[in-house]
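Presented as structure tokens, the chain that follows is alone, the form predicted on its own.
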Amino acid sequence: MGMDVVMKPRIRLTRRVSEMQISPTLAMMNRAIELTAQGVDVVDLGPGEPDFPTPTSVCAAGKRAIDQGFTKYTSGNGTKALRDALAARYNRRYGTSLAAENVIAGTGGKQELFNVTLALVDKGDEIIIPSPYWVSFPDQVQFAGGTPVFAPTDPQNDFRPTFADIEAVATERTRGVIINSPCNPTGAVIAEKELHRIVEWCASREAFLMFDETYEFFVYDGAKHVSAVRWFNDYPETIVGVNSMSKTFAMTGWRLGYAVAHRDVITAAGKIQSHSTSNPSSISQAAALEALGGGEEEVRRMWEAYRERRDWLIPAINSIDGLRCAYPDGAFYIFPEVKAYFGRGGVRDSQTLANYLLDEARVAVIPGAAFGSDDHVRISYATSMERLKEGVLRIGSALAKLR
């Protein structure tokens, strides 16, 4: 007797998810976590997460919210109190006239970038992204059906984006521009005159400018952070500002970010959010409201620690033969050039170099290929000076074996 062959059902994933890459920063972090769980002493210079605790007053506000039963759904776009506070913060700083209807709060700045991208990008639209870029920008654009178009920035200009960079890659299909300043991974801060020209250019072409200023407080050596939101009153149909509580207030796990934009854009982003996550955590919103009302002293202490680490780390990295690193304007990353080691000991590119450092030195760094620049790696100094020194020592010893 013949036996019927039972075919196993096949899992069919959509093209949109098949074309998407898992975040390389999370992939490296997961590998480092696995090694640590096995008892391996890993110096993790990979993830972009402050090593400081959330300010005490902010934690207390979160606990109070729980004790007072503030644990239910809120408005889908966030509480009015929080949106009012966020609007007022911009209005105080830049003289804008934002109101709650111009603000949406969500589960991290990443979610609002995603929501706005889905709301503004259609199939066939081209979105200009300066390169090196934050890893999620291209995947978010592609997920929405658009095409990311990269505008390479000049390493000799410390990777600072310019209007000329943007204009050089523009076409009639350009629908928008995404600027991240201070930049992850390079730390570059865009100059005010360049940003203003890009804003005006976008407005003249009816393109949007999405401005991610997640690292706004962390600028050094006299560099000045300038926000595109300062021109919002002049170009409300053009500018979308995106920010987060995560870096400034060491609130990464609280997952609270926000966007400010024209009310129609906020309504569209809110519509998407209503079908995905609904409102951000009520408890996180209460904590964020407290952070916005104070906490500046603790932010200043974090900034001073980052500055001290940066000033130590860059000369230490440059003292390693074959590594070259400029002083970045902001954020808490350095982006050293490592291509001198390509072709040695099986190292072919930034990914194999990062793997080698994790395997040989037990140091986690992020390959520059993830950010569109294979000649570099990203090193985070959001960790203690003690661990930084240990990490640099290990990197130097491991690379010496490749010479």
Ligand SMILES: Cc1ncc(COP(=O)(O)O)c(C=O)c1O
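Owing to the predicted nature of the structure, the values given are computational and were not obtained by experimental measurement. All residue numbers refer to positions in the sequence shown, first residue = 1.
The same protein also exists as the form predicted in complex with this ligand; that form is not shown, yet it is the one meant from here on.
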| query | finding |
| --- | --- |
| Interface segment, criterion being heavy atoms within 4.5 Å of this ligand in the model of the complex, picked from 210-218, 97-105, 262-270, 225-233 | 210-218 |
| Contact of residue 248 with this ligand in the model of the complex (heavy atom, 4.5 Å) | no |
| Exercise: residue 121 in contact with this ligand in the model of the complex, heavy atom 4.5 Å | no |
| Residue 113: touches this ligand in the model of the complex, heavy atom cutoff 4.5 angstroms | yes |
| 4.5 Å heavy atom contact, residue 117 to this ligand in the model of the complex | no |
| Non-hydrogen atom within 4.5 angstroms of this ligand in the model of the complex for each of 134, 180 and 255 | yes |
| Answer option from 238, 184, 77, 285, heavy atom within 4.5 Å of this ligand in the model of the complex | 184 |
